[in-house]
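Shown below, as structure tokens, is a lone chain in the form predicted on its own; questions about how it binds or moves come after it.
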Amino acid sequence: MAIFIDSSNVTEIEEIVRWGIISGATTNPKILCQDGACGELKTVITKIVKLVKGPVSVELTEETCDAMLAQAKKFAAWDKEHIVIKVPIGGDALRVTHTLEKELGIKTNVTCMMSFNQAYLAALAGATYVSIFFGRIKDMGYDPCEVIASTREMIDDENLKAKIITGSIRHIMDVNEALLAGSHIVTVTPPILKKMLWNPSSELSVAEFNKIWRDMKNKGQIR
């Protein structure tokens, strides 16, 4: 299992990479626009690659097969070893995925998936990663853990190469549930990663221990 960081904010990524827990990064057009990175996409993505030293997903925004393939080649050329092309599910997604993976040797992450059916087809098409959207599946009234577990069982049984990335994480419990359901990777925003580190009982315990130590030191009992 692994944790990716779901962000294009270079400063935040640099801070959290120092924790030693990040294996890769995911971005999408919404995140890039919110972080003000759209106008300097290549610069931002190459900086992220250098920081995480692992797979970095960059999403296609074109909508026809030929245009998507051309854009994918452009993105992959920035760093073919680390850049993963995010292909939104639907339309020409499977054709694009198959062409990138089988003919061009470019890694893909088929994204925006809400069902087992979608994930299974993407895995069969040769995707390196299949991204299941935890929070958005919940919004529809379905159980995302069931989708993750079914997809993982299928991948294992059929010996497919795809790894599950669970995104659309909104609460720290989403991370726990996704990993326990069988997700290979969970991609998490910096605010939620920081919440995962914090617990009020831990803070109280540390404060208690440190106070006892200080009191004993002030009394001269510790030198």
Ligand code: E4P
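One rule holds for the numbers: they count along the sequence shown, beginning at 1. A quick note: this is a predicted structure, and the numbers were derived from the prediction, not measured.
The form predicted in complex with ligand E4P exists for this protein as well; it is not shown, and the discussion that follows is about that form.
With the partner removed from view, the residue among His98, Lys80, Arg136, Lys73 that has a non-hydrogen atom within 4.5 Å of ligand E4P in the predicted bound form turns out to be Arg136. Using a 4.5 angstroms threshold between heavy atoms, Lys30 counts as touching ligand E4P in the predicted bound form. Using a 4.5 Å cutoff between non-hydrogen atoms, Arg170 counts as a contact of ligand E4P in the predicted bound form. Contact between Thr187 and ligand E4P in the predicted bound form is found at the 4.5 Å heavy atom cutoff. Put simply, Thr26 is close to ligand E4P in the predicted bound form: some heavy atom of it is within 4.5 Å. Shown alone, this chain has one stretch from 88-96, 128-136, 115-123, 146-154 that lies within 4.5 Å of ligand E4P in the predicted bound form by heavy atoms: 128-136.
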